[in-house]
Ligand code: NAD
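Next up is one chain by itself, shown in structure tokens, the form predicted alone.
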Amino acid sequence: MGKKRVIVTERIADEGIALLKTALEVDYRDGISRDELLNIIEQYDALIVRSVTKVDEELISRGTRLKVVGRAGNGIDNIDVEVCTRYGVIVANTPDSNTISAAEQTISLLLSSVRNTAWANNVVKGGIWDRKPFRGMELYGKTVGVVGLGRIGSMVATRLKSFNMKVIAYDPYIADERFERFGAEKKTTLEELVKESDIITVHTPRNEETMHMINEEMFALAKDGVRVVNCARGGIIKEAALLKALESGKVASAGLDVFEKEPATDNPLFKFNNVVCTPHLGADTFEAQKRVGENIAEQVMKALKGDIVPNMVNLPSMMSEELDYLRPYILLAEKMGSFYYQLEKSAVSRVELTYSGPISMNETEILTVGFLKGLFKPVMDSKVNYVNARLVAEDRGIQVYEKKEDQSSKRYKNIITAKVFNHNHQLEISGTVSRGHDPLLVEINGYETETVLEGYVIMVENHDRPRVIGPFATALGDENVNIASMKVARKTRGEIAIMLINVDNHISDNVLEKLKDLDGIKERPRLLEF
């Protein structure tokens, strides 16, 4: 039998190509046209792309031999992961290959901006020798605020400690132990960090929570002459707010590698001499690109051999009978995991998972990583998956415990119980799978229910008395929200009860605020999404 074949449609490091050739037949076609790729993709077992090649259903459906799509880099915006999963195609990327390079680029931008290096370089090369405009600032003894203490943020913190800087950090999804490990003083709010920082550097993914998190309000709180660096994602620092802060002198300098709109060719921030800009170079070093090429080659080769892929973005089709049996419980575990950060903002310190009933006779590791994947999904980008979820938990200092019981103590045959602890309290939930294989929440913090974890669910705490549930349901109807199902639970008559309501559509913050003001509603309802 001949070698399996891989086509590489965009530039990767020569070392990656050489590694692929040790086990596979390699067709290196950098810049191949869309039409030509569509016509020949059926000949290949693997496809390696970067950010240009569009991997969609049209391409995947023609790739009848495809087993794996490798993304030489982090983002997967050009890959339809859902389609790949449906066709049983593994998607793998290289999220950590550029970690060191991105951290070093952050330091480079910081030093260049606080010492006016780029500006001075341009002036000197223009024939003028005058040092007066370029007086800079020492890092020694200054306070740097690191927003996001993940892998890149923690590397930046470690490196800035060597400048004898005071490092403070804000990350509500990181355990206290990680702050201690990297010598960063924990700040419980972003506002607190901004007020104390001489320099602010951001290292978070871009999502609904982080978009424009450094905005007009934050700059108003900041010290006069604060300096900012963004080598993470464009838009975390709001560019319109930064523009005004630079014009007023509130911000003394900025170092920017990323922008809200890229390519950035006519950005108003470019007019400032005290702003250092680079064209998204965070991952663009010889070493990082070598790692990217070699890592994606290793992953593609492992996938084609049927081995575990370290950075698998999706969960591929699984043929064993055991995994077929566990599949609905994997989905249940993931949806249970997504509960916590939709209800809490405190960092998790410990997770305890108990598998009760016949399910405990199976290998439950996939359920545990499924729960962890769901746990991190609301607060992380696409880097978290079934393979790296345990490592993510370890990096965040979260202890994970498993327990198995032969019989369920509840009235359900199989039960998954999860206890999620932070430093103040815990969340305890239990779930099972219905006869129709739907994921069911059957208990939350002692309240018994049977709620399908699908779509949108409103969670409401209310006083257990007449004329509360009816007006609440009517108010939803008045807002054109259709109720699919409703479960009401209480522990003691006349005290606090809860409602869990499946609804057909998203509910705005304004509507939730209105619902909060209804008689008998204890606090603002939570809208959960599964």
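Here the structure is a predicted model, which is why all the values come from computation and not from measurement. All residue numbers refer to positions in the sequence shown, first residue = 1.
There is another form of the same protein, the form predicted together with the named molecule; it is not shown, and what comes next is about it.
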(message) Quick check on this chain: which one of G370, G293, G150, P439 has a heavy atom within 4.5 Å of the named molecule in the predicted bound form?
(response) G150
(request) Identify which of Y329, Y173, Y447, Y355 has a heavy atom within 4.5 Å of the named molecule in the predicted bound form; exactly one of them does. (result) Y173
(message) Taking the named molecule in the predicted bound form, would E177, L193 and G397 all count as contacting it (heavy atom within 4.5 Å)?
(response) no
(request) Given that the partner is absent here, state which listed stretch (133-141, 227-235, 214-222, 158-166) has heavy atoms within 4.5 Å of the named molecule in the predicted bound form. (result) 227-235
(message) Considering non-hydrogen atoms and a 4.5 Å limit, does the named molecule approach T204 in the predicted bound form?
(response) yes
(message) With a cut-off of 4.5 Å between heavy atoms, is E239 one of the residues that contacts the named molecule in the predicted bound form?
(response) no
(request) Report yes if any heavy atom of V258 sits within 4.5 Å of a heavy atom of the named molecule in the predicted bound form; otherwise report no. (result) yes
(request) Examine T210 and determine whether its closest non-hydrogen atom to the named molecule in the predicted bound form is within 4.5 angstroms. (result) yes
(request) Any residue of 99-119 with a heavy atom within 4.5 Å of the named molecule in the predicted bound form counts; write them all down in order. (result) T99, A102
